[in-house]
Each structure stands twice: as structure tokens, then as C-alpha cells.
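A single chain comes next, written as C-alpha cells; it is the form predicted on its own.
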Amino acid sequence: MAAGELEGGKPLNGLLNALAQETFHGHPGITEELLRSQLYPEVPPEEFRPFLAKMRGILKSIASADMDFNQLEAYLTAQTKKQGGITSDQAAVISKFWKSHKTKIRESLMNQSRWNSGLRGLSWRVDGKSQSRHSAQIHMPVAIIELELGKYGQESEFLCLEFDEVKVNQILKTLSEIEESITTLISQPN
């Protein structure tokens, strides 16, 4: 294989994008044959396979270490000096790719690593009660809180909570106590 066949910036950037989609964003169906035929049609499969494995490994290493740009620079420099490593042009493409995709990849990895539901949204309002068993409670203010909960890749569930004035005051008191405890812990000398 000629050295220039795997050098081009556009095909390598396309390959990195496809690997990120497959590996980190959960888009199956991106096959080795598809990548080779679309990005490197002149390269035989037996030469493309190790190149693909190398790029996949480099991308996974960078993402799993959540490398900042100084770490990335040192890592890529080491990869260029390694026997069977990458070229400086490939390192430049990888660096540029990571700089523009780091946040999305990190976000995706964080979402995939959550086991429990997370809070996706919160809305609240204060209403006047329009129905009650006791007529004295009609038109009393109530706080209504809607929580949107969900796991990565699944539909949201909604939880609606209704609080009267007494409950709201209890919650505010508890939150104040928590705030005081945190302030006390933070202000203590080590």
C-alpha cells in the first residue's frame, strides 16, 4: 500500500466520525466494508483492517482517558514516534477531530454510564385549589411540581407532585438546614 493512500485528511476525518458514531453514539450498522469502500476504496481489506483497528484503539484511548489538549498532544506525539504508529499528518487530523468532538463524546459516555434514571427537566407553578373534600381548602394556593425522569436512550417518565403551604414551608426549612450544613462543612479548616 502506498503511504499516501491512508494519509488524506478528509477520509481519515470521515473514518473518525464514523467510529465515533458507532462506538460512542450507539449507531450500529457501520461496517468495516462500508468504511473501506466509501473512504478508502483503493486500499485492500487486509491492509485496511489493521489501520481501522489502530484508529479505533487510538480514539478509544483518547476518549476513555478524557484527554485534555496537552495530554492529547503528548499522546499523539508518542504515537508518531512508535514503530507502526501514526504519521504527523494523521496526528493533526486526530487532534482537530478531538478538539471539535470531545464534548459530545464525553456527554455520550456519561449518559451511557448512568444506571439510574436522571432528572431531564423540572417545571413548577402555583395554582389555586379548585376541588377539595373540605370547602375551606378551595382556593388555597398549592405548588405543583413536574419532574421529567429518564434513562439514556429511553422515553421519559413524568412525576407530578402537589404541595400545600405547610409542605412547601417544611421543604424550605429542610433546604435551609442542608444549606447551613454545607456552609459549615465548607468553612471548616482542613
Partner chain sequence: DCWALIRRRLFETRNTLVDFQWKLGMAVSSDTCRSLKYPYVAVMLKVADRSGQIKTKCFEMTIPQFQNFYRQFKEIAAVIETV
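The term rigid core refers to the most C-alpha atoms you can superpose between the two forms while keeping them within 1.5 Å. Positions refer to the first chain, counted from 1. Just so it is clear, the structure is predicted and the values come from calculations on it, not from any experiment.
The next section is about a form of this same protein that is not shown, the form predicted in complex with the partner chain.
- Screening E42, E47, E32, E165 for any heavy atom within 4.5 Å of the partner chain in the model of the complex leaves a single hit, E165.
- The three residues M110, L122 and L149 all sit with a heavy atom within 4.5 Å of the partner chain in the model of the complex.
- Interface residue remark: G85 is not counted as part of the site for the partner chain in the model of the complex, having no heavy atom within 4.5 Å.
- The closest non-hydrogen atom of F158 lies within 4.5 Å of the partner chain in the model of the complex.
- Interface membership of P28, defined by any non-hydrogen atom within 4.5 Å of the partner chain in the model of the complex, is ruled out.
- The partner chain is not drawn, but in the model of the complex it has no heavy atom within 4.5 Å of I58.
- In the model of the complex, C160, L161, E162, F163, D164, E165, K167, V168, N169, I171, L172, T174, L175, S176, E177, I178, E179, S181 are the residues of 160 to 181 with at least one heavy atom within 4.5 Å of the partner chain, listed from first to last.
- Annotation: Cα of Q170 displaced by at least 2 Å between the shown form and the other one, core superposition.
- Once the cores line up, the CA of R120 ends up 2 angstroms or more apart between the shown form and the other one.
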